[in-house]
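The data below hold one chain only, encoded as structure tokens and taken in the form predicted on its own.
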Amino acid sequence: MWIYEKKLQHPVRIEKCDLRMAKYLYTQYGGPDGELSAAIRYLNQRYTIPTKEAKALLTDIGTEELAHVEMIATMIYQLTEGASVEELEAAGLGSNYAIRERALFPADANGVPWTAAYIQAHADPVADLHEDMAAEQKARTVYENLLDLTDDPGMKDALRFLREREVVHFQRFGEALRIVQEYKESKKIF
């Protein structure tokens, strides 16, 4: 069960409309290594994790990833606010406008819709946790690339926060991997 606090995990204060950056951010909204994929991956994997501690960690991080989805959606909304149809079209967001007007939709930066094929869950906790660690590293890399593509201080602040959370998640999944490996080792019959 969750209790929703009606505020973003970290403030998002975009200073100007930037449709190019909004398009790039879509990769973290609905792309294969984005926040939605991470949230669903971790919240699904928790059911086959053998220890309560590792299961709680997957639940915590999966829930936090949902908060990151909310931040990315807010960033895209703020970056596109007030843009004309012509400006959206010129920035490569015309097809999104044609289908959805100004509604956000989970897709990557190229407009490819999110798909469940992006997530992995194998019921092998060691394989899943290695997948999770790799996912966090890929997301960190994307945030670093996005930081290179903007000069907006508010955007940089939010992107740095999200990048640092990816680093923390990577470390926490490393802890969970150790816990699971120790658990599996303790269950071996000699």
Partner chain sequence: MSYQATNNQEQMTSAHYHIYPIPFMPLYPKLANAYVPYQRFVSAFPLSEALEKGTLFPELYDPYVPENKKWGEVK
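Positions refer to the first chain, counted from 1. Between two forms, the rigid core is defined as the largest C-alpha subset superposing within 1.5 Å. Predicted model, so just to flag it, every value in this text is computed and none were measured.
The form predicted together with the partner chain exists for this protein as well; it is not shown, and the discussion that follows is about that form.
When the partner chain is considered in the model of the complex, residue 165 lines it closely, a heavy atom lying within 4.5 Å. At a distance threshold of 4.5 angstroms between non-hydrogen atoms, residue 130 is in contact with the partner chain in the model of the complex. Proximity of residue 134 to the partner chain in the model of the complex falls outside the 4.5 Å heavy atom cutoff. Shown alone here, residue 23 lies farther than 4.5 Å from the partner chain in the model of the complex, counting heavy atoms only. Heavy atoms closer than or equal to 4.5 Å to the partner chain in the model of the complex belong, across 168-185, to the residues 168, 170, 171, 172, 174, 175, 177, 178, 179, 180, 181, 182, 183, 184, 185, ordered by sequence position. In this overlay on the rigid core, residue 15 has a C-alpha that sits less than 2 Å away from its partner position between the shown form and the other one.
After superposing the rigid core, the C-alpha of residue 182 moves by 2 Å or more between the shown form and the other one.
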